[in-house]
Ligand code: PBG
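Here you get one chain, nothing else, as structure tokens; it is the form predicted on its own.
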Amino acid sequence: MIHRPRRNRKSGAVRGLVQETSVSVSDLIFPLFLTEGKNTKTEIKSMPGTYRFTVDNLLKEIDACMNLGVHSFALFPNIAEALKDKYAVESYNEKGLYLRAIREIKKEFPESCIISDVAMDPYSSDGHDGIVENGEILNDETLEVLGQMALVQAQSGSDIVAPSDMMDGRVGFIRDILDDGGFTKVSIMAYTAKYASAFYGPFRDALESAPKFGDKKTYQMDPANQREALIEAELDYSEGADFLMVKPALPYLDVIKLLKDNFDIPIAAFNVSGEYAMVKAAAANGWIDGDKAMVESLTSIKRAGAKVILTYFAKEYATYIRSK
């Protein structure tokens, strides 16, 4: 045999020389959950090792992450039910939890990168990502709310706004609002191919934001569809998106690759709560090695073409890498 591929696997040093894909801590965004109050850190039962933080404790968590090399954070708020309404007015309340947290973080850690979520569901009494009328999620009317939300997030210090709603035309609408407001440097990370997935359950537990009726299939994508993602990506790209995201990540590695092969801007992928929870549950039962499964999962997402990975493993991965 002239070619023996095993020669390039014969030792750790040789394997390191030929390794094609590696995940850097700088590739990762750490999703963090916010809640009202003081000096509180509450573990989310369906996401072991993941917590809801009050703002004071959130600052301590970010400090610890920054020291590990994790500099980018995606924020998600747990909003009291009494503050929710049909039009998600609390989402642009400048004195509210979310905007207050962004300001505090940027004051304490100006070098951090804050990715803010643009969607109505955490603030909506209906639990949907858009305004609901007679059981229908309204598209164009919702854009007005999303635009206002993105603007106040930018005003509060967000570096990247991330519309996760899947309303048609929202990227262009938000880009115009930001530019007209003087925020031409604020980026847009579009949730481009966000699928109507079964893997979001623990996230909805964390935010207590599940739909009060029906599902999200009229705006989130059908898991059976791949090429439809190209339509969504072309629209977001043409409307001014700076990143294109696929969510979830692991069941949609083919979609990540499809977007990477067809667009010349960074592709992001969200390693979602259900993917995280499965690894944690299996590891807790001794069925898999949790560290190895974490590394393999993140490597597969990077290998598929994602430049940026949102993952609840971010801090854990940074700690793991530092220990090696």
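Residue positions are given as counts along the sequence shown, with the first one as 1. All values derive from a computational prediction rather than experimental measurement.
Although it is not shown, the form predicted together with this ligand is what the next lines describe.
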Interface membership of residue 170, this ligand in the model of the complex, 4.5 Å heavy atom rule: no
Residue contact check: residue 312 to this ligand in the model of the complex, 4.5 Å heavy atom: yes
4.5 angstroms heavy atom contact with this ligand in the model of the complex for residue 236: no
Contact flag, residue 272 vs this ligand in the model of the complex, heavy atom cut 4.5 Å: yes
Heavy atom within 4.5 Å of this ligand in the model of the complex - the one residue of 220, 187, 72, 156 that qualifies: 220
Candidate from 123, 243, 203, 92 lying within 4.5 Å of this ligand in the model of the complex - any heavy atom: 203
Within 4.5 Å of this ligand in the model of the complex, all of 35, 53 and 114 (non-hydrogen atom): no
Candidate stretches 144-152, 115-123, 101-109, 178-186, one within 4.5 Å of this ligand in the model of the complex by heavy atom: 115-123
Residues of 64-80 having any heavy atom within 4.5 Å of this ligand in the model of the complex, listed in sequence order: 76
